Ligand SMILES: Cc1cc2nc3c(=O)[nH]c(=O)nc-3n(C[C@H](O)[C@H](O)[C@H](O)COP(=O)(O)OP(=O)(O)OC[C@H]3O[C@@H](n4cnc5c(N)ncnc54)[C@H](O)[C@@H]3O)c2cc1C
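Here you get one chain, nothing else, as structure tokens; it is the form predicted alone.
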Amino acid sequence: MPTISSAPTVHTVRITDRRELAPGVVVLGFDAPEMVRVTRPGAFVMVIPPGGESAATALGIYEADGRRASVLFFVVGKRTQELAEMRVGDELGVVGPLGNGFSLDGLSDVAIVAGGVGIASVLLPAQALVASGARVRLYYGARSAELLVDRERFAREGCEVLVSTDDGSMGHSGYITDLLAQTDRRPDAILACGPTPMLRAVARVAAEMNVPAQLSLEETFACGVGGCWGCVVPLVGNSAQAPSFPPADRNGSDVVYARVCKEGPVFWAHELRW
């Protein structure tokens, strides 16, 4: 995985555009050229609600081009509701970019799997891969057709798009990982972001295909910068992503605990011990 090459920065940004992709699904664009310059595909930001009364919330960086970056989020609570009510011209505090991002070098045929709000973290890697000449197939699942937001955007970017819905309103009726398992095209690698049950299923399918998979874990962060150790996952101790502290158990365990916000959020599926 890419290493973190710069310290996170607190940016005060101004909202430049707002789109509501579906009821309760919002994209906020903002002017942040310095952040765009160092953003890696798969990185995230901690967004500070304008009222300042609630803790910051972690959101994947959806777009990053020129001066403009954006975040895509589902309204699920007080903090995201406050963000959804922002308008063009409002100021917002963001900390980032954070996290390691996806490793994309040398890939020529890639399956990207996104579930629900996980779509917010995979546009940048999809764009980078297509720009490098790779074939990209997006497997995109949601509860209903209405929540398969911006799927046309990925098609315009050059991805082949396959979809599934829980209610059968579009595409395959059922889990998106069913389509991945049924593919007749074995990719070089699988990238995925979405809820934990989906990521576990992706890891299982990848192992059956004997294909390396990179999983971007969804987690609720307290600090987002690795200080509180509140977002840990078990990882093999010999992983290049394993933190130097705490060490592996001296009684023979090879497992260490890695922070999703600091060592991740992207991990190799075969190195997770969840």
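The numbering used is simple: start at 1 and walk along the sequence shown. Because the structure is a prediction, the values reported are computed rather than measured.
The form predicted in complex with this ligand exists for this protein as well; it is not shown, and the discussion that follows is about that form.
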Non-hydrogen atom within 4.5 angstroms of this ligand in the predicted bound form for each of F73, A120 and P265 | yes
Looking at K78, R87, R143, R185, which has any heavy atom no more than 4.5 Å from this ligand in the predicted bound form?
-> K78
Taking 4.5 Å between heavy atoms as the contact cutoff, choose which of Q214, S239, T39, T57 touches this ligand in the predicted bound form.
-> T57
Out of the stretches listed (130 to 138, 196 to 204, 79 to 87, 167 to 175), which one is close to this ligand in the predicted bound form, meaning heavy atoms within 4.5 Å?
-> 79 to 87
Should E219 be classed as touching this ligand in the predicted bound form when contacts are defined as heavy atoms within 4.5 Å?
-> yes
Could you confirm whether F44 comes within 4.5 Å of this ligand in the predicted bound form, counting heavy atoms only?
-> yes
